[in-house]
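What follows is one chain in structure tokens, specifically the form predicted alone.
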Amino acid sequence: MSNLEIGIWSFPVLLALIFLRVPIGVAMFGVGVVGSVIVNGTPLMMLAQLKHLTYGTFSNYSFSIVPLFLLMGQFATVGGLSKALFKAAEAWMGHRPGGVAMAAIGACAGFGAICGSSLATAATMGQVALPELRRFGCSGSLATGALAAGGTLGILIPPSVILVIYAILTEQNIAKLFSAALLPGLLAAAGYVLAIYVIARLSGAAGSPTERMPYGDRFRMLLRIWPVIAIFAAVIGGIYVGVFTPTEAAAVGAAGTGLVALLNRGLNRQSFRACILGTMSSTGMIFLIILGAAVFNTFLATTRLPQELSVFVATQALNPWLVLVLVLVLYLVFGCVMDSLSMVLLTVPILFPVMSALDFGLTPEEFALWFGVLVLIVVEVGLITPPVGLNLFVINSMAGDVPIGETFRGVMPFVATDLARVVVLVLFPVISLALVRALY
């Protein structure tokens, strides 16, 4: 086989290893090493690359943002901020049809503003909201589906670990990417709330509403979440106005959230140790996937597959919008069998140069920001798409008595709103770029 054919065949081999439940980072690392040996005819070149590839990858200063944002989410969890967010959202929306489920979405959006992880958002809000949803008669399918979908707001609303990784891979400004993702993230939350409202009107699956609270009580509930607002303003606002670099903002956010957890008496020696160990575990998993992807992409570069793919697309004179649709569909298909971080690390180094060579009527930087938001959204859809949607299994395992099939059915309306949002953002790039243009 030619080098190009070896590169093409590496993908079915990689998918086969994933189906055999080999960890994705190990699978990419193994295929990259073996493929490189086959292409070069000797292991010496890969061994020489491994000497500097690991250090060269992880000495990137921007990667320090990842553990800091993960630590911020850990502190927010033990600090009791999730419960305060849910109660505040319930005070304002609980009396409406499907209001308790809407409150869960609102709380997920608020928690996502101080936590860059989808799984952490889903798991944390599931602990708080599931008992309340069941107490007010919300069906198991809607309760688990809504929380699984709401968890995705953890990576949609900045700060987002996935966006940081995308920015590093494509050499883009992290602050501008956060700006580009903010409005689409809020649009996602609005779409989920609308889906719940429609379900509540058409069926009794959303359960009964709570009693209407006086406005004075509602504003008092808002005062209880001032730490969330303050941390979000310090982190994201500090980045937008140029007070902090993204790395500095992540450090400020982690320190601020830890201080709030300490003042709320949620942080002691034992919980602090658990937060550090949880952050280390998640960071180690992410960095292993990053290393595996770096080795695999180095092998692909040796086969010249990315370059040949770019030339092929350019010579076919295909409509750029058709290529974009095909790429987004590919992400949706991959989302059914792969986790979000692996998809980004595996595909962006290959597809981004191809897409950047096409003309969408945007500047190169604007295209990179817009494409990053689209990738983020379709990756997020993968988190709630059967059969591998990780958020679905996290929430379903917490529900206990809800069959996984019901969770799959319950999330479908939210997947539909996600797909509709993708169409809107493809047709109107200005939604993603408006805040960037206004601030920069």
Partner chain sequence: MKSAVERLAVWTALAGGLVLVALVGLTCVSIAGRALSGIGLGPVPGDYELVEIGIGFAVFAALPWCHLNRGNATVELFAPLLGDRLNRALDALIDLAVLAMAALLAWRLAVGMLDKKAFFETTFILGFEIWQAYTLCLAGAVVFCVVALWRAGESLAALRGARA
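On a predicted model such as this, the values are computed, not experimentally measured, just so you know. Numbering follows the first chain given and starts at 1. Basically, rigid core = biggest C-alpha set you can superpose within 1.5 Å across the two forms.
There is another form of the same protein, the form predicted together with its partner chain; it is not shown, and what comes next is about it.
The three marked residues, T170, N297 and A314, fail to reach its partner chain in the predicted complex, with no heavy atom of any inside 4.5 Å.
Shown without its partner, this chain lists H95, R201, R265, R273 as candidates; in the predicted complex, only R273 has a non-hydrogen atom within 4.5 angstroms of its partner chain. Contact check for P23: a heavy atom falls within 4.5 Å of its partner chain in the predicted complex. When contacts are judged by a 4.5 Å heavy atom cut-off, E132 does not count as touching its partner chain in the predicted complex.
When its partner chain is considered in the predicted complex, E366 lies well away from it, no heavy atom lying within 4.5 Å. Although the partner is absent from this view, P67 contacts its partner chain in the predicted complex, with a non-hydrogen atom inside 4.5 angstroms. Between 376-384, 407-415, 392-400, 57-65, the stretch whose residues reach within 4.5 angstroms of its partner chain in the predicted complex through a non-hydrogen atom is 57-65. Within 4.5 angstroms of its partner chain in the predicted complex, the stretch 231-270 places a non-hydrogen atom from each of V243, F244, T245, T247, E248, A251, V252, A254, A255, taken in sequence order. In a rigid-core overlay of the protein, V37 has its C-alpha displaced by at least 2 Å between the shown form and the other one. The Cα shift for L425 between the shown form and the other one, taken after rigid core superposition, is smaller than 2 angstroms.
Relative to the superposed core, L50 undergoes a Cα shift of 2 Å or more between the shown form and the other one.
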